[in-house]
Every structure is written in C-alpha cells, then in structure tokens.
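Next up: just one chain, as structure tokens, the form predicted alone.
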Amino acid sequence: MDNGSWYKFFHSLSNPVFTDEACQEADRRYEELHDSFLDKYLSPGDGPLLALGAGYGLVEIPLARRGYQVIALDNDKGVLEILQENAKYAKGNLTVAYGDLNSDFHLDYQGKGIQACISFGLLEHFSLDDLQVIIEKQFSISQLLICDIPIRTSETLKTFNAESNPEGHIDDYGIYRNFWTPEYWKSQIFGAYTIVADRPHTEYRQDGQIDVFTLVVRNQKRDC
C-alpha cells in the first residue's frame, strides 16, 4: 500500500489522533461491526495478531484493548507517527512497526507464533498479480488470514466516486483501489484456499455508505 497520501486521506475524514472520546467511539464501532464475528476465529491467548496496513489503529487499538497482542504495520511514516501516539490507549498490547508489503516484510514474522494476519481495507489497493504474492507472504507467517474489503455496490462506488472506473480507481489523494464483487474475491483471489467464513456488512462514514465483505481464509489448498 505505497500509493497516495494516507496521512492526508485520514485527516480529510476526521482527526485521526485519538482522544478519550474517540477511543470510546472506536471501541463501540468495533463491538458493533466485528466483536461477535471475530471472536469465533480469534482468541487473545492464541498468539499475536499481525495487522497489515494498520493506519491509525481504528480496529487494531480496540483489539489490543480486548487483550490481543497486536503488531501493527504500515508504510506511511506520517500515519505511523499518529498510530504510535494512539497506542497509549492500547493498554501496552500494541507494537507499531514499519512494513512495506511489496518488500520481504514477511521474513521478520515467520516462525513467531502469529495467530493470524489481519487487515481492514487493505487488499483492494493491489493489482491481481501483486495480491497473489502478498497473500502467499501472509500465509508464510500464519495459516489464518482475516480481511475486510469494500465491495462493488452502487453505494460503495458512489462514496468513492468510482462509478466510472471501479477497477483501478485512483482517488483525489492518489490512492489506488479495486472494487470487486464478493464472488470475484472468493473465486479469483482466494479460490485456491479454504474459505472458512464470509460475512457482508455495511459501514457508514460521514462521506457515505461502504458495503464491506469480511473473509476468514485458511492456507489449505482446495482439491480441484
């Protein structure tokens, strides 16, 4: 995720630096969107989580506050500074680190008992060819991958002003995205693996509605 300015993008939505009130809102949002679902597949006692493209910690800090050890990676140094500041709300359970998914970042985390690689709004920022490599890197770290992905619906495309070019869309901040359907993600991106669970849900921001798809995937090749 090395395209565009995430620092400017996050500031365009709201102040990404946490306050007590913002932290409480992040906890509430996590509980509403993720808690009952992710608890089926993750446990604080089963090892650390490697969060890719963590941004300023909107999901990662609530996870840390629930007792998970979270290693949060991002490649935007301005965003990492915000994440490091926000980490004071993580009860000592969040480690912030630079990580470029186009590099050999995975070598630093192999054999470290990582419970799962997780991401929330990350994989859509890569081309099909790059995705295959990035997914293999994650599976070299952990046998479990959980990802949240915005999907192609009329409301999502409207929010991102991507109606005319849902594949390879570049927004005003220079950020690249692919808006694919859930079926495409399951068949073309993760078709070779075992999809444990999938769940559609809807998120709301001040700029509009985003329809999202959560996938839980194991590194078990399916029989052809």
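For clarity, every value in this text was computed on a predicted model and none was experimentally measured. So that there is no doubt, residue numbering starts at 1 and follows the sequence shown.
There is also a form predicted together with a small molecule; it is not shown, and the following applies to it.
Visitor: Spot the stretch among 51-59, 164-172, 181-189, 35-43 with residues whose non-hydrogen atoms come within 4.5 Å of the small molecule in the model of the complex.
Guide: Looking at the other structure, the answer is 51-59.
Visitor: Exactly one residue in 75, 132, 95, 140 has a non-hydrogen atom within 4.5 Å of the small molecule in the model of the complex; which is it?
Guide: Exactly one residue meets the criterion: 75.
Visitor: Just to confirm, residue 102 within 4.5 Å of the small molecule in the model of the complex by heavy atoms?
Guide: Yes, residue 102 lies within 4.5 Å of the small molecule in the model of the complex.
Visitor: Can you check whether residue 145 is within 4.5 Å of the small molecule in the model of the complex, heavy atom basis?
Guide: Residue 145: no contact with the small molecule in the model of the complex.
Visitor: Please check if residue 106 has a heavy atom lying within 4.5 Å of any heavy atom of the small molecule in the model of the complex.
Guide: No, residue 106 is distant from the partner.
Visitor: Quick check on residue 126: any heavy atom within 4.5 Å of the small molecule in the model of the complex?
Guide: Residue 126 belongs to the contact set for the small molecule.
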